[in-house]
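The chain below stands alone and is given as structure tokens, in the form predicted alone.
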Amino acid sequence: MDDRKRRILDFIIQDYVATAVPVGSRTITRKYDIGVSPATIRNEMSDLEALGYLDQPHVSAGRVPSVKAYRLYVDDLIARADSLLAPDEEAWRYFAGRLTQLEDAAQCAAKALSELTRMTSVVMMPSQPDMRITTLQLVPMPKGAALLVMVTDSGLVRETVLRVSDSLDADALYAISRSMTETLSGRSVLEVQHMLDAFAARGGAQQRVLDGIRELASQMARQASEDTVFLEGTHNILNFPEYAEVSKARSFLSVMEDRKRLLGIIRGDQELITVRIGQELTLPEIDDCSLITVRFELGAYHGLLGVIGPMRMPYRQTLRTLTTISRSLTDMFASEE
């Protein structure tokens, strides 16, 4: 693989990503300034095919990149990640403008990714069995209600509205908040649940509040016990000509419905960036797709952002978008600790 072959291969990948049409030597000559004749380009393309970097769908057709070509291209992008993956300001503003509450960050990230990339996005929030409460606050609301807000050491926020006794005014709710924070801060959500179980028989004006805290802690414990996957934009695959066939589209959508299978593939990703191309996905139904995942930090744990699309996806821009939102999530969760 000399420099000229590599340049021609990169041009073929760029053109095929943009058009989904097999690329011929005349296309390369017309669009790109390589400084050699179409005959020379044809010879180089034949060599690239012999090396396994190009495929020819039909005898009279141009060439398309192979899995081996995409792997070479992507590995080069990742090797130059420091210079390539500069923050994408447009993606950052798009995501930040749609974020309303921190607890919705994962869902918001999934939606933003699918809209920005026009592909299917996947976000994995990790299980956090040791997640601990840092702050508990009761905010008075009209008509005998209060907003219960619980913040964890990983920056996650959960809230719910409680019915409370009419005898609990704003001062009383503040006093309960302070007392419960002092009692529960630093304890895991499971410990909080067990402690509040012990208080259940006390009754009195605080009983509804204690029951509400216990129920919210129980919900958080259930959510923290397993990895959670958010998926958005599965229908975007229908916009790609590769999936014009109903059977192919149906196969893709059926895989996306099985979130456990997706989770089983990405759960072990530890690298900052992981790219699976074609059969590397180990999902025969979508072996002409690629999946990129990028890690974000969540306290002592890490989650994953991902994009699934055709093998000819625009890897460069997709990586920039993923890393930008990954950094934004990491910063948001870190700022809440």
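In this text, residue numbers run from 1 along the sequence as written. Treat the numbers as computed from the prediction; the structure is a model and nothing was measured.
One more form of this protein, predicted together with the DNA, exists but is not displayed; see below.
Enquirer: To test your reading of this chain, name the stretch in 23-31, 65-73, 277-285, 301-309 whose heavy atoms come within 4.5 Å of the DNA in the predicted complex.
Expert: Heavy-atom contact with the partner occurs in 23-31.
Enquirer: Considering only heavy atoms, tell me if Ser37 and the DNA come within 4.5 Å of each other in the predicted complex.
Expert: Yes, Ser37 is a contact residue.
Enquirer: Is Ser60 part of the interface with the DNA in the predicted complex - any heavy atom within 4.5 Å?
Expert: Judged by the heavy-atom cut-off of 4.5 Å, Ser60 is in contact with the DNA in the predicted complex.
Enquirer: Arg7 near the DNA in the predicted complex, any heavy atom under 4.5 Å?
Expert: Judged by the heavy-atom cut-off of 4.5 Å, Arg7 is well away from the DNA in the predicted complex.
Enquirer: Counting only non-hydrogen atoms and a 4.5 angstroms cut-off, does Leu291 reach the DNA in the predicted complex?
Expert: No - in the predicted complex, heavy atoms of Leu291 and the DNA never come within 4.5 Å of each other.
Enquirer: Should the three residues Arg42, Met45 and Gln56 be counted as contacting the DNA in the predicted complex, with contact defined as a heavy atom within 4.5 Å for each?
Expert: Yes: Arg42, Met45 and Gln56 each sit within 4.5 Å of the DNA in the predicted complex.
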